[in-house]
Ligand SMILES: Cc1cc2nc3c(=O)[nH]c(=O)nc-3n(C[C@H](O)[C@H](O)[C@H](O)COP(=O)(O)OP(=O)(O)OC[C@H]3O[C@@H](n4cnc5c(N)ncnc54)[C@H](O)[C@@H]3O)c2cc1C
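Just one chain follows, in the form predicted alone, and it is written as structure tokens.
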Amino acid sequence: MERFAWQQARSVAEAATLAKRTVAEAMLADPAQPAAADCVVLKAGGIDLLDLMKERLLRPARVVNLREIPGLDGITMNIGTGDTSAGNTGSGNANARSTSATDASAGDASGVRIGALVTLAQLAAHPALRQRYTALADAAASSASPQIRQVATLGGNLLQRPRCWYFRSAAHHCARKGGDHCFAFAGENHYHAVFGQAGCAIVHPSTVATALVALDARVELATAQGTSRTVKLGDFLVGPEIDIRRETDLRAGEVLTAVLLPPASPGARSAFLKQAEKPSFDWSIADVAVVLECASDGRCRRVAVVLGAAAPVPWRARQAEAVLAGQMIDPVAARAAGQAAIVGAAPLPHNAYKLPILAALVRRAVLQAAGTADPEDAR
């Protein structure tokens, strides 16, 4: 790791002013060019940033710490359902209140604002999130190790770069780093994508993103001018068919300040399941988030099924959702959804094993969200 200057940002506007390049842009820049001498990157928890710097994939001249900026480390309940369209300013509803453990029994008529500096440990332990947005709390609890969860932030987790070993290798100039091809297609691809490999076979590195996309979350992005835009997370995360050299729609001069969750319907339940080689802290082989809302007669009236560690972005399993729509949620329907979820997959030579795992996780997550016993658990 090379020498760098350290700076504390005292406001979002100051940080946005300094963020003249995104991390993706900084990694593509030629270190021999004069502009590299003023390469500035922002740091939240710093987990991924430190890895990139140690691997000499990123060589910033200055690191700007965001952890001292007030107002980005809270979870705010009951923010209302007002317009959050692009161009809004400020940090949220003026009538919002900070949540505490007593909010777990609050009504479900309003949404949630989660500051970008909230840690994964805070997400996992928050009682209201665990009750109303269970998939998110469980996804955060299953991410990394307990030590990392105490430091890693929600914003940093969503903005981390891919964990593909070719991308992380300084010896491999892959397409995502400005090269002309993806080494994974003909190489070691055991943990790579089975969907959506448009010239790049990474899987999205954020476990939390799988749950947030299923929950229809939005991200709030602030600029130095005091304006902000909000974007659906599913649109903010960029696949290689759009741009092979970046994973998000974050722009230079922007700071991710919050994640916004829509109101939780009283009848909606969610579930998140993950499969890893070492469940205590390892990266996902596959994970699944399901959000399910059933009518009074037990039939499914709204469902979202999202696959993680399966594609360069969290992958919406539309065919699985179509199988469940209007149906009674029972083991037969759940199994059919699991099989539908893997239709259209294009596994690489070494990762077809992921398909039955994804199908099984979808089946189990659907039943868990429905509160229905899985008969295979009794075997």
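Residues carry their position along the shown sequence, with the first being 1. If you're wondering where the values come from, they're calculated on a predicted model, not measured in any experiment.
The following text describes the form predicted in complex with the named molecule, which does not appear among the structures shown.
| said: Only one of these stretches, 201 to 209, 128 to 136, 227 to 235, 299 to 307, has heavy atoms within 4.5 Å of the named molecule in the predicted bound form; which one is it? | reply: Looking at the partner contacts, the answer comes out as 201 to 209.
| request: Report the residue, out of Val313, Ala337, Leu66, Ala317, that has at least one non-hydrogen atom within 4.5 angstroms of the named molecule in the predicted bound form. | output: After the contact test, the surviving option is Leu66.
| query | Between the options Leu260, Met77, Ala264, Ala152, which residue brings a heavy atom to within 4.5 Å of the named molecule in the predicted bound form? | reply | Of the listed residues, the single hit is Ala152.
| Site test, Leu42, Asp48 and Leu159 vs the named molecule in the predicted bound form, non-hydrogen atom cutoff 4.5 Å | Looking in the predicted bound form, the three residues Leu42, Asp48 and Leu159 all sit within 4.5 Å of the named molecule (heavy atoms).
| message | Is it the case that Ser142, even though its partner is missing from this view, gets within 4.5 Å of the named molecule in the predicted bound form, heavy atoms only? | response | Yes - in the predicted bound form, heavy atoms of Ser142 and the named molecule come within 4.5 Å of each other.
| Is the gap between Lys274 and the named molecule in the predicted bound form 4.5 Å or less for some heavy atom pair? | Yes, contact at 4.5 Å.
| Contact between Val23 and the named molecule in the predicted bound form at 4.5 Å, heavy atoms? | Residue-level check for Val23: yes, a contact with the named molecule.
| field | Partner contact for Cys294 in the predicted bound form: the named molecule, 4.5 angstroms, heavy atom | value | It does not: once the named molecule is placed as it appears in the predicted bound form, Cys294 has no heavy atom within 4.5 Å of it.
| field | Residues of 241 to 279 having any heavy atom within 4.5 Å of the named molecule in the predicted bound form, listed in sequence order | value | Stretch hits, in order: Leu250, Glu254, Val255, Leu256, Lys274.
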